[in-house]
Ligand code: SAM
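Only one chain is given next, in structure tokens, and it is the form predicted alone.
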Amino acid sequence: MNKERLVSGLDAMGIAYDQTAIERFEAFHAILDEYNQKMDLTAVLDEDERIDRHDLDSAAPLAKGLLLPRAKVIDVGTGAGFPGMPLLILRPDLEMTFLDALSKRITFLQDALRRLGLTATTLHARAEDAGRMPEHREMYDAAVSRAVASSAVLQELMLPFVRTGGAAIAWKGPGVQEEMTAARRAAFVLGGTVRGIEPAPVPRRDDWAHCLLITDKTGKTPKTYPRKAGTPNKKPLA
């Protein structure tokens, strides 16, 4: 791994780190490569690209001060552990839960956490089902997701996990402005209020125009949400 690229990127973003974090990033990349030979976890194989697209991009909320000390966070649709794993590596104080619908991804994350010496919860479930579980519903300070879905769909998948006073943070691209009206309508139905869009630039990647869509949880999510698995994608609220 190109440690210099990772370190310079974190420095440019103003994100604190220690030597243990850098070593864990290096180890996580190696574990990811090991598992990627057996299952499709990531198509990003170039190390510099992975640092920028996965590690630094995932760390964006820390550059914005969006996660308080010891915050309880759920990574919805974590996949290969993004954004949750970089956030946990940089902030081991976070109470992180990794949620994914594929058991093989959860198995990978459990092994990675063990080998990295990190503590977190893993949950094998669909977001729509987990959002109805009493032990997870409205129990988190923040829900994060880099899932590829429209902003309105992400509201229904994320907000049911967030306590009143918390926030949902979704990674989006430059097209997010076209989704804002639908996102605001969906958030209102689900007990949320869209705070706005925060630019989340990645060093050396000015052309990406990445951003974070932040939605505050201002009230309870009605019991009818989230709807059954698959429905939010087929019939977005907005």
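Here the structure is a predicted model, which is why all the values come from computation and not from measurement. When you see a residue number, it is the position in the sequence shown, counting from 1.
The next section is about a form of this same protein that is not shown, the form predicted together with ligand SAM.
Not one of Pro86, Phe108 and Leu113 comes within 4.5 Å of ligand SAM in the predicted complex, counting any heavy atom.
Residue contact check for Phe82: one or more of its heavy atoms lie within 4.5 Å of ligand SAM in the predicted complex. In the predicted complex, at least one heavy atom of Asp100 sits within 4.5 Å of a heavy atom of ligand SAM. The closest non-hydrogen atom of Arg91 lies beyond 4.5 Å of ligand SAM in the predicted complex. Interface membership of Leu118, defined by any non-hydrogen atom within 4.5 Å of ligand SAM in the predicted complex, is ruled out. Applying a 4.5 Å heavy atom cutoff to ligand SAM in the predicted complex picks out Leu157 as the lone residue from 154-170.
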